[in-house]
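In structure tokens, one chain follows: the form predicted alone.
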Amino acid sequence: MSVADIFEERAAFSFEVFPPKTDVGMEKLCGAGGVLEQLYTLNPDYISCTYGAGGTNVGKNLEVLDKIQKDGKCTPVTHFTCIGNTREGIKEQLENYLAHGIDHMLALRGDLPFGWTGTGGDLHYATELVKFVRKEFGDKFTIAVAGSPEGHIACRSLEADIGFLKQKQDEGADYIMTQLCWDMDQFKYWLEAIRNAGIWMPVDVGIMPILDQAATINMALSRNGCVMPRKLCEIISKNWIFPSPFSVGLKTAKGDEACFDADIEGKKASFKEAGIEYTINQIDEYRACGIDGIHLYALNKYEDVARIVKESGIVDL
């Protein structure tokens, strides 16, 4: 059953993982008893796997997806970008995915590598990628596309962004996987706006567990420009690691510890506990909106995301 078919019957539940850069990381994720096998016990409908930055690490991406495909516990979904790709290269890579039994993809422009002003390839936008895949492969792929409830940071307006999302639908996309969004009022506005614009695709909401101060701030601001609601800011502020959570583990020019906070580990633990509670509450709010699925960024971890899944009641275990 395709993911699109699942949405016809019920809300979906899924994870996102990333391809590790090292053999040790790959063993931890894909080895016997590793994170993937642990995630299967939570009964996800699918697991998606990202590329590295700028469309790199494709080999590891395929290795992770091969593991998911061969295990047969859920559907593997590959992220796929326009970065540095020619039309011939895209066709060849997608034929290879099909040969490996991987027929679900998230079609993306992709984050531009530092210093780049364009994709460096033949296609420049996800709309073009969706159109190309449908032309070359027909219905062989189930295609997800990204949706940005706050508007893509590179787009001139939220209205324009919704217009491009409608274009992705018109070109043959099957469902939406949203970028993270903590601003629930904005999400509700966006959800109503896309429906009013004639976008009927199911909405699978991307959620990043709040587990680490620096990672939360980095994810919000470095690529996405996300609004951080007052409640989330309070959690960060109350557990702030001085002088900065980004200083942990760094040295000054003199070789001294850059971070002088006396209670680093205590604040990390307190932040994680509050962050998990915040994530669970946000899942409740999303589900109350009538969304079509929860796509949880597993961050290549099990224990913390398993707790979130169980305590939020996403699935019956």
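The numbering used is simple: start at 1 and walk along the sequence shown. If you're wondering where the values come from, they're calculated on a predicted model, not measured in any experiment.
As for the form predicted in complex with a small molecule, it is not shown, yet the points below apply to it.
Contact with the small molecule in the predicted complex, defined as a heavy atom within 4.5 Å, holds for exactly one of Val77, Ala126, Val203, Ala173, namely Ala126.
This chain lacks the partner; the member of Gln213, Thr178, Gln186, Asn85 within 4.5 angstroms of the small molecule in the predicted complex by a non-hydrogen atom is Thr178. In the predicted complex, no residue of the candidate spot (Trp240, Ala274 and Glu277) has a heavy atom lying within 4.5 Å of the small molecule. Heavy atoms within 4.5 Å of the small molecule in the predicted complex map, among the stretches 243-251, 152-160, 186-194, 230-238, onto 152-160 alone. Although the partner is absent here, Arg109 lies within 4.5 Å of the small molecule in the predicted complex, judged by heavy atoms. Not displayed here, the small molecule is kept clear of Gln69 by more than 4.5 Å at the level of heavy atoms in the predicted complex. The small molecule in the predicted complex comes within 4.5 Å of a heavy atom belonging to Phe164. Interface residue remark: Ala220 is not counted as part of the site for the small molecule in the predicted complex, having no heavy atom within 4.5 Å.
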